[in-house]
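Have a look below at one chain only, the form predicted alone, in structure tokens format.
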């Protein structure tokens, strides 16, 4: 059984189609990257899964249609967005107590462990916290929920590199196991590429690719040849071809062999650009 099953998902904002007939089956125990340009439909897809939006099609979470059973999203999914929804009027301690009292799936042991490892000031108001500390608080109250699916929508946007590393290390150490699934939407794919098992490319509301990361990378190489061999390279229908420092560089299928060429493994951002034409911040 898939943890998340999506069939014929489409979403309009007025006359604009944000999602176009999306079909996905995401199993348990996977860390999935969601990559797309701004406005591609990533956040709309996540908010549809969460039941925040009306849509066409069907979404099932652990076999339950969320249109007929909204409780499934409350008990089985946690969400960390790009902007925290914390109440600035409350203190850190009051925020933790509030979330604890309104969520039946609160795990007190996990909350206490995370609080001990953090430097969150219990008596300080949320309004006085830095963005990094607000994100740390949001992370604590999210990971203290005993759920099976975690959705991350640009959760570390605007934070420094050290905190971003700590954030994802905490996610892996405190949440992920073979019974849980994580979906990460991010523009900074290089930072999480090493933990991703599967990748989704979405563009203009269309599902462009959904594949195992290792299998995808095995299909392609970045090849570099002297400019004098450019015509030989063109015969193999290269993607993302450009010239630099006296050589021509391009993405080609892994079976392509050109004498004297240099070969390197492509990153997910390279493959994304080759497939859909680039990221725009």
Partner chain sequence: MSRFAAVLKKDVLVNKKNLLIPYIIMAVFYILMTAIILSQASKMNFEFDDMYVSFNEPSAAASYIGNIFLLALPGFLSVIFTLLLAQSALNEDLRRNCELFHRSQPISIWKRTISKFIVAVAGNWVFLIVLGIVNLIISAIILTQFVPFHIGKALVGFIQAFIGFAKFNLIVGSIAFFCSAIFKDKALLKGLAILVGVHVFLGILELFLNISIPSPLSYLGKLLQDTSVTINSNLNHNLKTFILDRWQSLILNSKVLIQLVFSAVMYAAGTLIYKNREVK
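Please read all numbers here as calculations on a predicted model, not as lab measurements. Numbering follows the first chain given and starts at 1.
Missing here is the form predicted together with the partner chain; even so, the following discussion is about that form.
J.: Counting only heavy atoms and a 4.5 Å cut-off, does the partner chain in the model of the complex sit next to every one of 59, 163 and 167?
T.: Result no, not one residue of the spot touches the partner chain.
J.: Pick from 177-185, 94-102, 108-116, 199-207: which stretch has a heavy atom within 4.5 Å of the partner chain in the model of the complex?
T.: The contacting stretch is 94-102.
J.: Is there any non-hydrogen atom of residue 89 lying within 4.5 Å of the partner chain in the model of the complex?
T.: Yes, contact at 4.5 Å.
J.: Is it the case that residue 54, even though its partner is missing from this view, gets within 4.5 Å of the partner chain in the model of the complex, heavy atoms only?
T.: Contact check for residue 54: yes, within 4.5 Å of the partner chain in the model of the complex.
J.: May I ask you to state whether residue 141 is within 4.5 Å of the partner chain in the model of the complex, using heavy atom distances?
T.: Yes.
J.: Any of the heavy atoms of residue 47 lying within 4.5 Å of the partner chain in the model of the complex?
T.: Yes, contact at 4.5 Å.
J.: Quick check on this chain: which one of 131, 148, 124, 74 has a heavy atom within 4.5 Å of the partner chain in the model of the complex?
T.: Contact check passes for 74.
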